[in-house]
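Starting off, we have a lone chain in the form predicted alone, written out as structure tokens.
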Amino acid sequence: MEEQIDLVGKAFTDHYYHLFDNDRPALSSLYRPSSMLTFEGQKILGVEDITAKLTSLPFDQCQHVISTTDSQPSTFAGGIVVFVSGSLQLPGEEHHLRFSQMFHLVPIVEGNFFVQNDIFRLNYG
């Protein structure tokens, strides 16, 4: 069971950051009306507002480099909590920006999940 949760967490993060880096509007398929994103302390509710936030960031291109992915079962039946740390490279910037992100994935159909909760923070210092 633990191995399966780790596999799902890794597969999800690979998919999420691929979409973020290459087709950001497509991230909308991962959220639902009840989803919440906390982005640098700003709470955003619902798929439309989350998508608007992610597609309006002040950079069009970026590349995520994932350092760690930790996953564990949530108390929601079949849910998974995923914690990611890594860095973000922006075009023209010499230094990577370090970040942490947490996802609470909730199952919708066999083998598929949506993001119920998403918390993102840049790591300073």
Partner chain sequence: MDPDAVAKAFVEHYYATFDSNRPGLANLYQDGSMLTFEGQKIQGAQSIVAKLTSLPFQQCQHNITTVDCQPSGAGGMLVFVSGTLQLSGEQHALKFSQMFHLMPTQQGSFYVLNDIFRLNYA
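Here the structure is a predicted model, which means the values were calculated and not measured. Positions refer to the first chain, counted from 1.
Keep in mind that the form predicted together with the partner chain is missing from the display, and what follows is about it.
The contact residue chosen from Gln63, Gln72, Ser28, Thr55 relative to the partner chain in the predicted bound form is Gln72, the criterion being a non-hydrogen atom within 4.5 angstroms. Among residues of the shown chain, Ile119 is one whose heavy atoms approach the partner chain to within 4.5 Å in the predicted bound form.
Put simply, Arg24 is far from the partner chain in the predicted bound form: not one heavy atom of it is within 4.5 Å. Put simply, Gln101 is close to the partner chain in the predicted bound form: some heavy atom of it is within 4.5 Å. Among residues of the shown chain, Lys43 is one whose heavy atoms approach the partner chain to within 4.5 Å in the predicted bound form. Taking a 4.5 Å heavy atom cutoff to the partner chain in the predicted bound form, the contacting residues in 29-43 are Met36, Leu37, Thr38, Gly41, Lys43.
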